[in-house]
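Form predicted alone, single chain, as structure tokens, below.
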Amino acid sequence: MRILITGGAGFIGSHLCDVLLSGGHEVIAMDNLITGSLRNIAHLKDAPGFVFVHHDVTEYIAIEGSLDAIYHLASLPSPVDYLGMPIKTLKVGAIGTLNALGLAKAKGARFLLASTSEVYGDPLIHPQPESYWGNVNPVGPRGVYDESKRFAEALTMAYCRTHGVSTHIARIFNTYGPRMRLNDGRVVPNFMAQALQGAPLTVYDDGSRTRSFCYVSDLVDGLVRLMNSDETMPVNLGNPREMTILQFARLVIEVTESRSEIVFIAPTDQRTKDDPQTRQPDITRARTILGWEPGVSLEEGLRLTAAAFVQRLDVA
């Protein structure tokens, strides 16, 4: 197959490139490099069947020749990014998704939208099933990301129902692993960098918020299974193992064998406004429809992530 991955130089996108190329497919990785990095795909530079295209998906997308599938991963998913570039975030979710869907329609290609657990907002139902419509503040600072993905889902379903495009929607929960940006503001790179450098791990408030962490190889496997399925309605992809941020901080210290302390701080910016208090996926549909569930334990995934971070941080 000939496959386009928007956001192909990003954290998840680059791992997806690896898996698809190893399966013998041709891969076009498209990225504007605002949040992605050529470092993530440097090892693929001379790989047979791999092409990188430097392009912003909010501009018209033109690809010569046939396309069999489009994985639309282009996004600004980190609080640092969507709070700093709110209008760009909305444009990527709206115009970028429209352009990618238009290309899928023109090429007769299958289409997968990388949506997010943030469509559930600060949930009133726990764990979160796909049938839950969410609890989102559309005018809060996080609304630019949450609503951009909710709109992208609606647009994807409209193209499915109106134009018959073969579409798929993955609601991705917290994912981690090698190639995460060190400064993207999310909890895994924050804690990992602090622990490896012996700095205090900074936990917001009392650390009672909960999250569920999925290793990137498991997530990519779920994306590929979903793309190859007949399922058009949203499917949660994430690890249902839930823990508090405080418990997670202690686990990072244990795995990295760090001597770091834990420090509780009050957030001084908009980063945690409307931040979900709980987050845990109900993956019943993924298990039933895709035969998928995570296989990498959090402890093993953190060890693999720490090894990658050590190289980039240049710490002993």
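Because the structure is predicted, anything quoted here is derived from the model rather than measured. So that there is no doubt, residue numbering starts at 1 and follows the sequence shown.
In what follows, reference is made to the form predicted together with a small molecule, a form of this protein that is not presented.
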Legend entry - Residues P79, V203 and R279 all lining the small molecule in the predicted bound form, heavy atom within 4.5 Å: yes
Inset, instruction - State yes or no: in the predicted bound form, is some non-hydrogen atom of D68 no more than 4.5 angstroms from a non-hydrogen atom of the small molecule? - result: no
Inset, instruction - Report whether the minimum heavy atom distance between R211 and the small molecule in the predicted bound form is within 4.5 Å. - result: yes
Inset, instruction - Answer yes if any heavy atom of E153 is within 4.5 Å of a heavy atom of the small molecule in the predicted bound form; otherwise answer no. - result: no
Inset, instruction - Indicate whether N190 is a 4.5 Å heavy atom neighbour of the small molecule in the predicted bound form. - result: yes
Inset, instruction - Using heavy atoms only and a 4.5 Å cut-off, determine which of P141, G185, P123, P240 is in contact with the small molecule in the predicted bound form. - result: G185
Legend entry - Option touching the small molecule, based on a heavy atom within 4.5 Å in the predicted bound form, out of N174, N137, T232, N228: N174
Inset, instruction - Could you tell me which stretch in 98 to 106, 158 to 166, 195 to 203, 129 to 137 has residues with non-hydrogen atoms within 4.5 Å of the small molecule in the predicted bound form? - result: 195 to 203
